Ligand code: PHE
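Only one chain is included here, represented as structure tokens and corresponding to the form predicted alone.
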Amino acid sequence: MVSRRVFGLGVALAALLVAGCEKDDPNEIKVGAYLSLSGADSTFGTDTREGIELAVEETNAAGGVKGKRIRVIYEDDKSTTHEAVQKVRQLIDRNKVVALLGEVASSRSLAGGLIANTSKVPMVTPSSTAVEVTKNRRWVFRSCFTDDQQGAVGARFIWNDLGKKRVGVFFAAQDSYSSGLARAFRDEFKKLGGEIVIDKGYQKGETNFRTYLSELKAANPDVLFVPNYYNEMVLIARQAREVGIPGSMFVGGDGWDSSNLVAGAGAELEGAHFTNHYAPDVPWENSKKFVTAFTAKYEHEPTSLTAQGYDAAKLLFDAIERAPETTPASIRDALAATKDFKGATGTMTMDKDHNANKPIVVVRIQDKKFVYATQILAE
């Protein structure tokens, strides 16, 4: 008599063999996507997936790519770098994908991108902004801006658009995103002739900012540049009101992009600005079409991450269409040659470092909503 345990092992082994022997469909092109679909950053992954799925649906409805259907194979990296590495290996070695989409977080794109680069499979990240993600990696691309570009644009917005010359900088000292963005901002603002009247770093995980805020106010800056994440900014904004700092004095980065920011401190941040990849009311036509299609499919407004997922997928599909062959090397070359691609987040051209040069959006917080203020071209 065969034991249940042995029988169960046999079934599992058979399933693995079937998966390993799965035949390729000659009428489809397989693309892999590794995203944080569970874990701490699951909203980032699920928002991005919605954008990718809309891009796939539209592309296949229009006849596919090279007359073939696009099939995206999703893998959940559970918001960890270890899982990201494993999932990228699985997509390349087991599923034999011709290209990859992912990740949102720079730390996971760095880890997964190393495998993609070593394996010589092109990868497009929708939202990872750390400069190192594409640096010296011939097979890794991004459809978003970098932190260096974002920091410089924030400085130019304050100097040129707001006309402010004296700035205070307040950032999370132990956080690479926050400190890196602060550094890029400082460099550009000083180059423009501006004055940093106070420069304060706070401990990551801090919750009481009142002493810092009193010091910042005493330095009498025209603007406070605070490049942190939305959860910390909610606390800072609430406590800033207590010490008499109005919300309109704050300028931040794309880490503010969350509905939780306006839910938690929309009134306190009235009139504040932040640099971002996108806003639902940006004026270009491709974005309007995207918003219309997305809301019809999902019955809610798209987030910035959704728009970036959509653009990364469309950018990749466009490159596959232009590539002479459906091979990783040919697709890589087509991605590198991308010029004036019109996406929901703007028109982009791939530069020599595989970064998408395109306008950076400045968002204003108004009546507890994110609204388009202006766009500034990254340099």
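Each residue number is its position in the shown sequence, starting from 1. Everything numeric here is computed off the predicted structure, so don't read it as measured data.
The discussion below concerns the form predicted in complex with the ligand, not included here.
Report task. Counting only non-hydrogen atoms, choose the one of 151-159, 110-118, 197-205, 249-257 that falls within 4.5 Å of the ligand in the model of the complex. Result -> The contacting stretch is 249-257.
Query raised in the report: Might F317 be said to contact the ligand in the model of the complex, defining contact as any heavy atom within 4.5 Å?
Result: F317: no contact with the ligand in the model of the complex.
Query raised in the report: Any chance T134 has a heavy atom within 4.5 Å of the ligand in the model of the complex?
Result: No, T134 sits far enough from the ligand in the model of the complex that none of its heavy atoms falls within 4.5 Å.
Report task. Answer with yes or no whether K87 is in contact with the ligand in the model of the complex, where contact means some heavy atom within 4.5 Å. Result -> K87 lies outside the contact set for the ligand.
Report task. Indicate whether A105 is a 4.5 Å heavy atom neighbour of the ligand in the model of the complex. Result -> Taking the distances in the model of the complex, the answer for A105 is yes, it comes within 4.5 Å of the ligand.
**Report entry** F170, F225 and L261 each touching the ligand in the model of the complex (heavy atom, 4.5 Å)
**Finding:** No, because F170, F225 and L261 lack any heavy atom that approaches the ligand to within 4.5 Å in the model of the complex.
**Report entry** V97, I245, A130, A279 - the one with a heavy atom within 4.5 Å of the ligand in the model of the complex
**Finding:** Selected residue: A130.
Report task. Counting non-hydrogen atoms within 4.5 angstroms of the ligand in the model of the complex, say which of A182, L305, L91, M233 makes the cut. Result -> Comparing distances to the ligand in the model of the complex, the residue within 4.5 Å is L305.
Report task. Any residue of 213-230 with a heavy atom within 4.5 Å of the ligand in the model of the complex counts; write them all down in order. Result -> If the 4.5 Å heavy-atom criterion is applied to the ligand in the model of the complex, 213-230 yields only Y229.
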